[in-house]
Every structure is written in C-alpha cells, then in structure tokens.
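You are given structure tokens for the same protein chain in two forms, set apart as structure 1 and structure 2.
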Structure 1
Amino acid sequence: MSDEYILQMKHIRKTFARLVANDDINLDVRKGTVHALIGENGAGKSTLMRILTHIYKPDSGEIWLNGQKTNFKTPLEAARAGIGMVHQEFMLYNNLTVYDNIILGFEEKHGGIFIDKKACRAKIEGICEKYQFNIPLDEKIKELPVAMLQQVEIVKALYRGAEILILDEPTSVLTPSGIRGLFKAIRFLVDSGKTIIFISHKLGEVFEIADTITVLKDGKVVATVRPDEIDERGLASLMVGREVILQAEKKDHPFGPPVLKVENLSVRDKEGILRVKNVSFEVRAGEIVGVAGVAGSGQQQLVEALFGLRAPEPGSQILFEGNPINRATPAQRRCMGIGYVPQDRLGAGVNGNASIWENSIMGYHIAHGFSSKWLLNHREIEAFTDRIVDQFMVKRQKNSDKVRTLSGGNIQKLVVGREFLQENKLLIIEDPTRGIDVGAIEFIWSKIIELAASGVGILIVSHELNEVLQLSDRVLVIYNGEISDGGRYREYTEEQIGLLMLGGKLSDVQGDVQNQNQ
C-alpha cells in the first residue's frame, strides 16, 4: 500500500520547552500531487516542514520516502534525497547574484577546486527552460522584487534536485498576477512529476490548486480532505473551530478635521528615480483611507516619506494636524501620535533577536512613557505586553522569549498589536493581515474599524485589493507614482478599481459605469 505515497510522516512530535508544536502528526503525500497544509498561526505548519527538511530534529516519529524509512542527520542529506523548501522568510544572500545564490553549496566543479561556471549555468538554464522560469541570473538579489525572489528560490530547490517541493506561504508576498504565475509554475511542476506541499492561509487559493488538504490545529491533524468533499466555510471552521464570515462590518460615523494632509508630495527612491509624483490627499480623523495599487507603484516610497524614513523632494508638504512635519524624524512623529505597521515585519517591524517585551515597547519607549523618568518600568511593560498578547492572540510561551521563535503570523500580530494599542491619532498600516489566519483577519479588521470609530485617522496601504475595498471609507489608487481617486466605500466595483490600478483613467471607468447603466 505504502509505496503509492512518495512521502509519509508518521507520529511526528516536536516540543519547544513546554510547548507542543507538533503532536503525533501523520501526513501522507501522493507523488505528482499538490498537498495543501493549512491551519491557524502557530498551528505548527512551518515546524512540521522544518522537521521534514531536517532543520529541526523531531522528538519522535519517522519519515518515510518512497516507502523506505529515512535516517537523515543533516539538512544536506534531506536536500540530497530530493526534499526542497522555499521558506516563509526567504533564504537568500542579498549581495550575491542570482546565479551565485542558486549554486552555493551545490557547485559543479572542474579541476577539483574551481567552479565550473559553464556547467552550472547550463544546468540552471536547462531548469529555467524546462519549467518556464525567467530570472536574470546576473542581477544581485537585493535589486529584485519579491515575486522574482520566489522564482529564484524555486529554481534553487530544483537545481538541488528537489522531487518534493515545499512552499511555505508562497502567495503572501505576491500580487494577483504573481500568484497566477506561481500557480502556472506549480501546475507545470506537478505535470512533470514533482510533488508540491503548499502552505497558505488563503482558502480560495487552496481550493484552486490543491489535490488534498490537511488541516492542522494546535499541533494536531484535525482532518485530511479532498477539495470536492468540503467548501470554504467548512474548511474555515475546521481550522478555527468556529464559523468565520470574512466580511468587515463598517460603522457609520462623522469624520473630524484632517489629521494628515499631503500636498504636492514627490519622493525619489534610493537610485534617485522619482517614484511618487506630486501627490495630494488627506486623511481625516475617524476616516479610513485605503491605497490600492500593484506592488511597486510607489507605495513603499510614499509610506516611507510619510513616516520620515525618506526625505521628500523640495516643494512637498506633509501636514499633521495642520503642522508641517517634513523634517520630523520617525521618533518625533511617534511622539506626535503617528503609528506605523511596516510591510517588512522581520526587517523593519521587529528586532528578531530581542525579546517579546522589548519588541512590544519598541519605538514607544520615548513616545508614551513606560519609563519612570530614567528607568524602564517593568511592571507596566509586562502589563502592556500581556495586553497585546491577550487581545491579539499572540501564541507565545514567555514574554522574555526571542521574537524570532514566534511563527510568522504571530510576529505580525505582535507588530499590529503594538501599534494599535497606543493612543495614536494617525495610523499608517501596510499589509496588516499578511500571513495571518482567517480568524485573526476578522479580528484585525474589526479592530481597525473600531479604532476609526474612536476618531483615529487610518491610512491602509495593502496589496490585498479586497482588504482595501472592505475597509476603506475612501479609496485612492496609486499607479506609477500618481494617485487617482477610487471613490467612496463601495462606489466602484472591484473590476473598476482593478482597471485604475493598471493605469486606466477614471473617465474610462465612469464610461463603463454609464455603459452598464444604459
């Protein structure tokens, strides 16, 4: 029987101190299929995959490949046996070229000591051609967008001879077109006999791509189903243990005076290219303004300028409650009451090697006290950290644990909680629900609406169009550094906003509306 499975994990158990991350997990994966692994944040998905690739050693349990029990000692042996993984947080070397990244550790040699550039390159090009990837081999990693990095990671795994390819939340960093590209690649890989293990929080995607779905909850397998046996709702309630309706409930309330006013803002990026072009808009107290746009349209530079991480061009005006803040540092802006949830949670949101409590007050230690004049007030810090952990359901063991040991989604919850629980007047939020499970998305959305109702001005910059449309009182669309009006809540349809995001004109969109009306 067992030889129809390419991979079997039997009775896997893994604990971190007192926390049981994986508890008697059984997973059977058929060759040439896409096997999805879903579950809440901290359910143990990444841990299980790290056991499979032998980055972690299980406390007990067995891994069988092609009907034979394996006995790996190092990640290298697992990789040699054909298990490749694209990690949730990419494993790349920023200052090396794509080519160097791919071959590192698995170089073809000639003369025993030299890298055989020709052979390596031919092998990579062969893979790219066979599976239809298009990546620039001689660019440095830091120059490339995330969608490209993901392709690099996949090619890297294939180069190492992966037969089973694990993709840990591959779509959370991608735009819709990037996701389509990825799915095309996945189908291609599966058709040519590879096996994919696919981790995601987005149930729609799981239904679209998976042949089998295994649901984890609190470190245990709660179900293994085929997509035709269940629907999205059923799956969500299996995952969360209750009914989930992903629908923001907006409250009607009057807006106050503008908290943020932006006039003629232009921003250049690091290379000196103008990425934000003469943009003007305002966010009023109690208003949620959403910025929709294809990734790389200038959102990053816009937000960096608003938060003081990048100097705007001369002639630009940023006003907070009527006062110009062009030259204010991020620390000063925080003191004024501006909160910020950055997109890159590990790079800019937290210090991974610091403890959870340190990260909970990071950035606010000057702004809002926590100190009895010169010293930190540990009782208050502990209390505040516990508030974040409780309200935002951060799964953790102790407040003194390093943030790096949290699961991806739990790091995100910590950052969001830190910013939301401060008494800010303006919140700048980038991708608030990236990598977060459906149950928690529902909660974060309701929090955002609640904050707005209490008079906080909110600017959401998200790559999830649905999120922007569900939450925003007013939608702004950014395309190629220019902002156009996307209407009030529910004024335009998703398709119309989508058109604006690709550079269509409002007149075209309105034309559409009129055509439909006729």
Structure 2
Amino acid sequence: MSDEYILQMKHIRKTFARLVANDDINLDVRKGTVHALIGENGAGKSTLMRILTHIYKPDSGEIWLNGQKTNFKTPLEAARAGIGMVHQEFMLYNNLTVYDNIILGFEEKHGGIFIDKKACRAKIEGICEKYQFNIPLDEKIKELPVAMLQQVEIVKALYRGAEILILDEPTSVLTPSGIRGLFKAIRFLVDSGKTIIFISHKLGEVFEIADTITVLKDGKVVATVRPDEIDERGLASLMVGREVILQAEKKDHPFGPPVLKVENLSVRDKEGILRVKNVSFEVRAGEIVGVAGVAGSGQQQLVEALFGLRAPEPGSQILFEGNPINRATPAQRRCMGIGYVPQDRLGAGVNGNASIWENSIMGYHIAHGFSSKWLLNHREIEAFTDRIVDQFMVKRQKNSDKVRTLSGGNIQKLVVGREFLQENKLLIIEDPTRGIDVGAIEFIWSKIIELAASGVGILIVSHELNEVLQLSDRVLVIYNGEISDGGRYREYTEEQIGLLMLGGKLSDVQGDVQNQNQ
C-alpha cells in the first residue's frame, strides 16, 4: 500500500440481482486533495460511495484506509473512523430539529454520560459562522425547504469531523453565492489536511475544485485524469460516449394567449409569514418563463399556490385560460391540464416504496384515466411506463422494482418524463435537471423547448441561473417575495441577473448594459 493514498478501493464489485452496479472498480485517493467522481446517472458512483460508508456490502473487493484494510460492521463504525458522506437524497429525520439531526450519535458529553447541549450548540454555531451557513437550529427538518436541507447535511458532516468527506451532488440546490461558500469551505478543509470526494454532474465545478477526476461508465472506471489533461468536452464525451454540446437551441415561434395569469398574488408560509408579496405576471401558450432567485426568496410558496398546495391571501387571483382557479385542488388542476415537477422529488414527486409503474401513473390516472373506469389496465400502464423509461433513458431492471432502488438522477428523469408525456397545457417545473448528467440535461432542455414550440406554456423555477437564462423567453427575478423584470431571452447577462437576485434595481442593470455598449 502506498503511504500517499488515504483511501484505496480495490476490485470492488456490487450487483443487484441482474444489474452490475460496480464492476471491478479500483479507486486511489490521495490525502489532502479533492478527488472528483463523475459519470452518467446509474454509472455506479453513489453505490461505490455507499460501499465505502458501509451502507452496502460489496460482493467482492477490499477497502484500505490509511494503509490498513478495513472491516467495518456498521455505517456508524465507518463514520467514527473518519468517513462522512453528504448524500444526494437527504438522510435526515423529519420530526427532529436541525440541532438534533446534526448531533445525533456524536453528542458532546459531560463525564461521558450527560449531553453537553451548550458545547454541541457552540460547536455547530462555530462551523456555521466559519463556512457561512445560515440554518435555523431549532426548526424541525420537515419545515425547511430543500435548499436549506442540503446545508444541514453539509454542516452535519463537518460537525462529525470526517477526515474523508464525500459530497454527493452537494451544489444541486445551492445558489451561486452558496456554491462559492461551499468551495471556500472545501478549500479550507483540504488546506487543513482533510480529503474530499466530490461527486457532481457539473463539469465546470469539477474543473474549478478537483485535483483528480475519475470517470465511471456502466459501473466501470474508464479514466482517471487531472484537470489540466482534458477539457469539459472531452470529459463529457468520456461520460456519455459521444460529444455533448450543452447549449439550448431555441428558435423563434409565436406565442398564444395567456394560459396562466397571476394578479396581486400574496402567499404566507406555514408560520404565517408573508413570503410572496402582491405578485403579478403571466405565461402565454408556447412561452417559457423562468424565475430566478436566491433560495428562500418565496419561490416555494409561489409554486405551491400555483398548483393548489397552498391557499393564497384574499385579493389574490390565479387564472388558468381566463378562469379563476384559486379554490381548485391539485387534482382538479391536473384535470385542467396543469402539470408539476416538484423540487423535492422524493418528498413530493414519488413514493419511494411504491413501484416504478405505480409512480409513473401518479397524476396520470386522475387526469387521463384508463380504458376501464373501475380496474387498472396493466397493459396500458406498462406501455406508458415503458414510454417514460425509453424516451427519458431511465436505467432500471423492471417496472415492478421500487423507485427507491433507482439512483437520484434516474428518479428525476422518471418524474420529468411522467409530467412531460401527459399533453398538459401548462407545466410548472422546479429544478428540472437537478442531479442529472450532462447528456440527460441536453435531452431535457431539448424536450422543454420542443414542448413550448408545440404550444405548452412553461414556468421554470430553477436554482441553476444558467438554465433559466438558456431556456427562458422571459426572465422574472424574485427577491424578498417581490418579482421584477429580468428581461427577454439573453437581454441581460448572468452577472446582471445576479445583481437583481440580490435586491439590485433594474435601473442599475440597464446602466451596466449601456456602459458595456458604449
């Protein structure tokens, strides 16, 4: 064993029935570096890391840590040995507070018996201050938006003092400023001697933060390179097996009348705090309207009100094809032709313990039904499920498998495919490409543009500012519950929209544009 490697995984093999998730994988990670692990959805990245953290047991192979062969019995043993993981799908207890989730199993104690709550809190607050995380320690997990749950997971891992910290798609719901804060934390940790394994589909981030990059495809290692040995196009080609150009190809087409019209919309959150403030806008047939904003600016409450998950304030008006729908339920809105891709795919998009085919028809059975009014027609169900699986490249063994057996990216593709194939008139989409690979992003972007060209009105709320700017015919910026005009397609740059996201004025942005044009 080489002394320079803090971790060596040798000849790792893992199968799930007929599916070979990891096929003779060798991975060498140097101490005090950022080692990126990339690959398509279902390539075996998360499985490999779950083997490292002893969530899964490999069929064969060895793991060496600091030159010693490991023999962990439980994930807790792996954690106590200095291996921490921030999972793509959060490992948090909804009914416990943020504070309790962070300290669970790693409590500071008086005399080895009593929990020292003050010491625990001081340690957490110190981490939050150092790495610029702002999380409410006394709130219950179930009350927090997805973007904040990601921060909780990162702080939890930092609190546990891992020597090897595995970050599985850690920036998927972070804003640009949040990503900068995370990268600052990563660099601080590496400078302190920690080792980071960074799993991501965002190749620009990989090049920015990684010292070494390992590419997986179909459960095998296809390359291990340094960032200076390859470019983004080359990496994408290794991942997908073909050249990928991640650029939306939009063509001009006429828009129809408004399918969605929002007038003076105000919405409160669960605590009664006004999160959306007197907002008005419209989405026309065939138009893609993007909403950009820093996490917590009111996007969640806005979307919930539009789909009938939260009641708006008196005086608010939501019109669909000219008809008021304030009191319509989500099921009724589905029957009208409104589709919804939620940000929280596991909490709101699927039932993890239900089968792939059951999740495929969720909502579809309400809006469209089957040939038999009283009995499920399994031939039709299988046909619709297969359409989703085939068209959206969902990697699975069989339709009867539970959804939780899929990778996070494949769950995302299942949810997106289910909503995109239902002939809706309006699609409300949150983070459509969260946690999916570059090839799938390219495909989903093309599908969104294709749907709009066919006359579907689309509202996209995304934490990926580049995604909003690439796809949107018009951009809206939400800040502190209020919406401002972010211009037409490519009218403003990412930096200029970023200024609006932080509360800057449109006149300031227009001034910047005029100065650049002079």
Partner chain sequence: MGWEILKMTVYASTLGITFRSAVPLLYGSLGGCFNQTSGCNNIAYECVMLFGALFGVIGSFYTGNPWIGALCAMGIGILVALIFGMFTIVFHSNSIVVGVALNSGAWAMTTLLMVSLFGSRGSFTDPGIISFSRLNTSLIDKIPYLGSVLGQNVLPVYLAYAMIAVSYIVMFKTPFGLRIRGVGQNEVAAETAGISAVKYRMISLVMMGAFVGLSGCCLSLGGLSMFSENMTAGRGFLCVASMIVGGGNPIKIALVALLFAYSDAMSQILTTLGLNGLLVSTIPYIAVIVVLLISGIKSFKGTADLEG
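Residue positions are counted from 1 along structure 1's sequence. Here the structure is a predicted model, which means the values were calculated and not measured. Take the two forms, superpose them, and find the largest set of C-alpha atoms that agree within 1.5 Å; that set is the rigid core.
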The form predicted in complex with the partner chain: is that structure 1, or is it structure 2? 1
Measure the rotation of the smaller rigid part relative to the larger between structure 1 and structure 2 and give it in whole degrees. 17
Superpose on the rigid core and then read off how far the CA of Ala119 has moved between structure 1 and structure 2, in Å. 6.1
